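Have a look below at one chain only, the form predicted on its own, in C-alpha cells format.
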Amino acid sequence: MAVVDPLIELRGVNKHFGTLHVLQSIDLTVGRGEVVVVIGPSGSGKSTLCRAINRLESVESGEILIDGQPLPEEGKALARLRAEVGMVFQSFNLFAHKTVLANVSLAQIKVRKRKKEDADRRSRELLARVGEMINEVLEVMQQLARDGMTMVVVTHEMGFARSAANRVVFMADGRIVEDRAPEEFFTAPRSERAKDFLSKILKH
C-alpha cells in the first residue's frame, strides 16, 4: 500500500534463528498516525517483526528506518528511540479458546479440591475480570489511535483488528502475505493461508 507520510520503514529485512528464516525479505511501511495490526498463526514472525522495530532483536540484512533515520545500533540514540517507541505485549491467544474455562477449573479442583460447580463459578468470575481488562486495553488503544498515535500492534483479538486498524498485515512463515484494509481482508481474504487462518480463528 502507498503510504503518504512514512514513519516506520522496513526494507528487505531478513532474520534467522539458526536454520529458521523467521523474517524473509520483509518490506513494510507504516505512515504517521496509522494503526497497523499484524496478525497470523503462531511462529509466523509477527513478534520478531515488532521486536526488530524496537531493536530488541537485531536483523541480518535489510534496513529499518524510523522517521527517515536508520535504527541506532546502541548507546544514547537507542535509549532515546526506545523511550519514543513503546511496546505493549498482549497474550490474548489464551482467551481465544473455549477450553480456558476448563483449564482454570481443573487447576482449582486439583490444587484446592473444590467441588466442580464451585470451581466453574470461580473460573467464570476470574475470566470475566480478565475480559474487562482486555476491553480496557483495547479502549485505551482505540483512544490513542484517535489521538493520532502511530501503532504497530500484534494481536490475536480480531475484533480490535477489524475496528481499530487502518491496515491489517497478515504474516505466515516469515513473510507478509497480505497487507490490506481490514474490511477487505476479513470479508475477502485473497490467499489460501489467510482463508485457512480466518476459518480457524472465527470458529471460536
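All residue numbers are counted from 1 along the displayed sequence. Please read these numbers as outputs of a predicted model, since none were measured by experiment.
What follows is about the form predicted together with a small molecule, which we do not show.
*Asks:* Can you pick out, from Asn54, Thr150, Thr29, Ser47, the residue that has a heavy atom within 4.5 Å of the small molecule in the model of the complex?
*Replies:* Spelling it out, the residue with a heavy atom inside the cut-off is Ser47.
*Asks:* Since the chain is shown here on its own, which stretch among 158 to 166, 60 to 68, 131 to 139, 38 to 46 would lie within 4.5 Å of the small molecule in the model of the complex, judged by heavy atoms?
*Replies:* The contacting stretch is 38 to 46.
*Asks:* Val22 versus the small molecule, in the model of the complex: is there a non-hydrogen atom within 4.5 Å?
*Replies:* Residue-level check for Val22: yes, a contact with the small molecule.
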